[in-house]
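Here we start with a single chain on its own, the form predicted on its own, put down as structure tokens.
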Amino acid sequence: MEEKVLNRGQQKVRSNVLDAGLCTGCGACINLCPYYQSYRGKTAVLFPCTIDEGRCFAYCPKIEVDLEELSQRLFGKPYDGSPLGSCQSVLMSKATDIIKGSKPQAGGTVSALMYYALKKGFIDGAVLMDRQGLLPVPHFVGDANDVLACSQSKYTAAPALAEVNQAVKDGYKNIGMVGTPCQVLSAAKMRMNPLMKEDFIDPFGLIIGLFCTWAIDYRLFEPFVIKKIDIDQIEKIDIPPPPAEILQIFGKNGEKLEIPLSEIRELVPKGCSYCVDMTSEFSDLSVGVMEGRPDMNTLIIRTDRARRLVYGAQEEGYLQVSEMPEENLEHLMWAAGNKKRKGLIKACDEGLINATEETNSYLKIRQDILNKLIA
């Protein structure tokens, strides 16, 4: 009997993701082998590879994502299509001033939690996002004080998982990560031991997911911004919560630019339009800017280890936590549900959901759940 060829390697990643324009540059395929490289936000194949089953395919968040399997394995429950995903509680939070010298964005919850996790040995190191000029650069930190240099939002796609892969190669086994929904989704696939290795060890000790509606393609963003300001003089970039509808660029000299989001959305890669996750559903906890309160964060606790971290940080004075107003929660669920529905409809229209084994799906989802979400 002829052995079946799996065809779950680079060739499928190239045809189904890279050539199809679905790649968001998460970095999941980088630093696994010499064949892939990331340059200024773009993932490129340097050399062809004919391996039948590769980690690039297994880790990619844009191919063969089985939502039911992920939910069962990570949370012990079926995937029900809830707008916010599996969650134990939804709160609002803010960092205290216990961390000296920090200039976090919005409420500073991510910086406070990652600082606390490293300080208390909850994790051995963390993959965060630093910046070189305007370019976001993933950075592995092993000291809590190094968290502060990575505390501001970047808004452009970046290969965070490439640094995770490198950390695993370097022997780290209890890694923290801050990532966007596509990066978090890839990390969730990594945690599943997709290649069924007998010596597999889950490398993640903590995954903090960010709220995200889309990321900007750096290759388009840089020339766009250069026309308006010297990028070496940029101190901070911010997108205030609705209804602002602007991107703000703050210069070191006090200069401030405001750009309508209608112009910025023209710089968003195609792959973002298929995303069905606004709140990083497969993380341990998720953080976003709270609508109407730019000094506060929305905080979603999803796992027991996240709950221990959050309330430990609160008890030791690193974090302020309080109840989420019902009005804010309702609007958050509407926004997340709307993104999920739009992404699913687009993917369905292009035959990317529950496709045949020969073509490979972007997403696999129970048909009854799919029907409910796109109705």
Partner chain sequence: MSHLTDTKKDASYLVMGNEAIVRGAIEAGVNVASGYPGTPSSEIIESLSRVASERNLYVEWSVNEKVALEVAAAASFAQLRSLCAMKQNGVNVASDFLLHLVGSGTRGGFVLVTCDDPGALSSVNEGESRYFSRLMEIPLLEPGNFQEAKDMTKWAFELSEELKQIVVVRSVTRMSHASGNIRYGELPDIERKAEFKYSGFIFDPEEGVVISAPVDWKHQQQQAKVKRAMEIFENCPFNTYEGPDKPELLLITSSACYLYSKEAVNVLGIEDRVGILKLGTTWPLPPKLLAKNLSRTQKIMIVEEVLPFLEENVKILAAEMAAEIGVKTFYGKKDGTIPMTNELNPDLVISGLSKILGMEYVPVSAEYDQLAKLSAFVGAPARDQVFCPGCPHRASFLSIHNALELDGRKGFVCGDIGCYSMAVRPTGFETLKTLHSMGSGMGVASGFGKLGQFGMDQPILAVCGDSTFYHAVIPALVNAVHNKANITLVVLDNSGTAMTGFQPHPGLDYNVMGDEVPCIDVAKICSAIGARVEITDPFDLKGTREMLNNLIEDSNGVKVLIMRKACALSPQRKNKKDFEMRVDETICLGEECGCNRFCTRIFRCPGLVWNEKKKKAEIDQVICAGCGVCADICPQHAIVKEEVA
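Positions refer to the first chain, counted from 1. Computed from a predicted model, the values in this text were never measured in an experiment.
Form predicted in complex with its partner chain: not shown, discussed below.
This chain lacks the partner; the member of Cys49, Val321, Ala335, Ile345 within 4.5 angstroms of its partner chain in the predicted bound form by a non-hydrogen atom is Cys49.
The partner is absent here; in the predicted bound form, the one residue of Lys270, Lys228, Lys77, Lys169 having a heavy atom within 4.5 Å of its partner chain is Lys169. With the partner omitted here, the stretch from 61-69, 305-313, 35-43, 326-334 that lies within 4.5 Å of its partner chain by heavy atoms in the predicted bound form is 35-43.
For the chain shown alone, Arg219 is a contact residue for its partner chain in the predicted bound form, at least one non-hydrogen atom being within 4.5 angstroms. Not displayed here, its partner chain is approached by Arg55 to within 4.5 Å at the level of heavy atoms in the predicted bound form.
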